[in-house]
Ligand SMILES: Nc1nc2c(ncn2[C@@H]2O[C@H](COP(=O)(O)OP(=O)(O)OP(=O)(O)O)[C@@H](O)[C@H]2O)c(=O)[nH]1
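This document opens with one chain alone, in structure tokens, the form predicted on its own.
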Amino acid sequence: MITYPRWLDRDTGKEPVLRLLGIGNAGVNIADRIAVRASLPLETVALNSDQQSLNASVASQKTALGPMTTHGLGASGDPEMGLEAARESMSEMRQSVQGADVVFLCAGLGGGTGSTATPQLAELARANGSLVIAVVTSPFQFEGRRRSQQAKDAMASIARHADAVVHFENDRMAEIVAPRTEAEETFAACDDILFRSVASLTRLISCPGPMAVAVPDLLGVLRGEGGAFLFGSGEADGGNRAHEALEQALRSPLLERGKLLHEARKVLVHLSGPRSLAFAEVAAIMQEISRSTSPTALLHLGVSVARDESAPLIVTLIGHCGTASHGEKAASIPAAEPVRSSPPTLVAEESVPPTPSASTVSEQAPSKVIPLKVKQENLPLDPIDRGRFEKVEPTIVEGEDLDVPTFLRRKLKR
């Protein structure tokens, strides 16, 4: 059952309270970069068990997790310690989501604090009636199997409570930048994707326009039918801005270069631009998206207008790739070809008797099975020389050389 946030009461005229939470070292860094990069109507909160990270954060509110458990030194990548720290600070975590209509949870999964506190915060925010959107990253493959498994477990826990999960895999950095790009520039490009996701969703929720997105439509897409969450965003200005912005959005790694768009069951398209945004541009973008989606996909459109006339045209695509039903999976599997019998194997008549077929057995009378007679050959075991006893007088007893083994003297068959 879909629950709706409290700010849907239009009579009050109250703007929604949007809150950005950074959890753990990686999450606090992501939230800080988002908060510094642009002025968004977001309240920022940093939650971490590492006191040094909290001191360096630019968040307006800071919450230390598990001070008696970690003593301000962090969870050291240990999920058990991170869980104990979250339990110790459960009341502080509940306060951090209280009163928020939309909660963004930023975390890097695979460690101790982010992997354990984020699912707890998602559950608390959902119980508070908030719209919960998690923006998370998973570790590099070279960081080891343990971190990867911890990230998978955390992802499954977050997905049970969050309305949407914007998941970015660090291993996909190679798709964003050139191979020889500097590390700082590479991480900045990844931060740009995370920033675009939060900024687009914030703009979609809070910005008015001639064709505002209905919140039930937004929730219907975010709380999709399961499967992968897809996201793409692009912006451009100039005479060809519609084509360039859409092309940039389709190249997003979270769309797998447009592949996931064709598999989506529900897609929400949001266009934000200056007052000069023409209806022809909106129609051209929607026609191109319609050609890139499945004929059965349900499309939702939203348009908002910025006050600044120099604002760029921003195209945002949000959706879910629903999993196919059992019948659809069965229909997609090609029918198996009939198994053809392998050619007969040629064997010696003396080693394996021919096996009659079933039809031959039913037509013929049973015959007597004649056992095969195997002939045993004699091995050439007669001694050729006496080796080191060549110059020693043989031991002869009753005409037999006792230096020769008994089975050779008596010519026994083995």
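Heads up, when I say rigid core I mean the largest set of C-alphas that superpose within 1.5 Å between the two forms. Owing to the predicted nature of the structure, the values given are computational and were not obtained by experimental measurement. The first residue of the sequence shown is number 1, and the count goes up from there.
Beyond the structure shown, there is the form predicted in complex with the named molecule, which is absent from this document and is the topic of what follows.
Proximity to the named molecule in the model of the complex, taken as a non-hydrogen atom within 4.5 angstroms, holds for one residue of Pro139, Pro312, Gly220, Gly302, which is Pro139.
For the options Gly232, Gly273, Pro119, Gly112, the one in contact with the named molecule in the model of the complex, meaning a heavy atom within 4.5 Å, is Gly112. Residues of just one listed stretch (87-95, 212-220, 185-193, 293-301) have heavy atoms within 4.5 Å of the named molecule in the model of the complex: 185-193. Contact between Glu288 and the named molecule in the model of the complex is not found at the 4.5 Å heavy atom cutoff.
When the named molecule is considered in the model of the complex, Asn29 lines it closely, a heavy atom lying within 4.5 Å. Taking non-hydrogen atoms only, Gly77 approaches the named molecule to within 4.5 angstroms in the model of the complex. Contact check for His167: every heavy atom lies farther than 4.5 Å from the named molecule in the model of the complex. Remark: none of the three candidate residues (Glu123, Arg126 and Ser197) comes within 4.5 Å of the named molecule in the model of the complex, counting heavy atoms only. Contacts between 141-172 and the named molecule, taken as any heavy atom within 4.5 Å in the model of the complex, involve Glu143, Arg147, Asn170. Shown in the overlay between the shown form and the other one, fitted on the rigid core, is a CA shift at Ile193 of 2 Å or greater.
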